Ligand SMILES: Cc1ncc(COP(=O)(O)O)c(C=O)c1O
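Take a look at this single chain in structure tokens; it is the form predicted alone.
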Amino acid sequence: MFSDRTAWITPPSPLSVAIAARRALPGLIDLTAANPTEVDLPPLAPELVAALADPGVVRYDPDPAGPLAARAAVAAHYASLGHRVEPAHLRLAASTSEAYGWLFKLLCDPGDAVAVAHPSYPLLDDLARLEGVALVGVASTWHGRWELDLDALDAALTPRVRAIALVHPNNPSGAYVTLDLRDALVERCRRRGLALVVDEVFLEYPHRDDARRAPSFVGCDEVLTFTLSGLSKTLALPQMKLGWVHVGGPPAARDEALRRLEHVADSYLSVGAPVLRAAPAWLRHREALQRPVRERVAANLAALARAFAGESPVTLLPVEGGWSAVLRLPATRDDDDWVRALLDRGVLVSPGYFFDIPGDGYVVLSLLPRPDQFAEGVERLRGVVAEDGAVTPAR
């Protein structure tokens, strides 16, 4: 009765059941909270809410590429960051998730594959399965930062692989693509006739300067390149459903991709008129909308670094950008055991394997929770690790 594309949707795991039960009780500190509308950030300014009431919303005037005014606003947003983008090379979607689905349809036949760097956010796997596309995970190695293993990538590039997908910076590790890695990826795509799919939703949240860091891939014209972003992370507005795809590359391939994407988008026409009308006003207020998120993330990251400085048995892995942090705990327990032990103390974290981080003892924290709650959650985590060291022999 049901399709194979949803056969992987199974009943909740025992850990998921335990988490749901604990959420129903008071006192839980959720260090996985990554919804910017639920962590006590400043509310959206009244004039930006009022932008949703543009009188033009009463008229239905569908444009499968997205209205020119909205695409021009996205292009102007990139111009403010130093990148020249043509509105004609943009296609608007309801979210980057929808855009991924479009790209899987565009690039892959059922049974084809996309190579994706690990660690990685698990949603991408779900989106690919729903399109009948396989994801081939490519490991990153730890050399003081996560770096994509190019030998592993070469081994993964079978004839069924149609594209290489990566997140810049990675979620959850926060590692940006370097200039050297960019060149290596472009060379492989050119030689093998592959497309690049680059998710840049966290691009504008770096934690420090780095001369090795690659800029936005909207400037990549050497190979067919699809750069994704949207309001959800860029402006911390996940409730205002708008994402986009920039298509770059050699003109013939780029224009054919744009033509086909427009037809795919025309089959859905999923973005609502109020959001499309309001987007230019929101994008003009980029700095004001990003500032509270930057300040919150910076404060919590600094608190995390102080908490585990010196001889702590917990290691904060370096974070280059984004809204998450990875902690390496003692390998005295596996990830599930650590999550359960912390849950018993009223703290929720994500297990490392949720993001395909190899090995035991990794947990992932969001850097968005309210600072007082974040500090209390981290203190409870410190206590659980200290108690574990006192009673549990190392493996």
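Counting begins at 1, following the sequence as shown. From a predicted model like this one, the values you see are computed outputs, not experimental measurements.
The same protein also has a form predicted together with the named molecule, omitted here; what follows describes it.
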Contact at S97, Y121 and V167 by the named molecule in the predicted bound form, all three, heavy atom at most 4.5 Å | yes
Partner-free chain; cross-checking the named molecule in the predicted bound form, the single residue of N300, N171, T225, S140 with a heavy atom within 4.5 Å is N171
Candidate from R162, R71, H77, K233 lying within 4.5 Å of the named molecule in the predicted bound form - any heavy atom = K233
Thinking of the named molecule in the predicted bound form, which stretch from 175-183, 145-153, 197-205, 280-288 has heavy atoms inside 4.5 Å of it?
-> 197-205
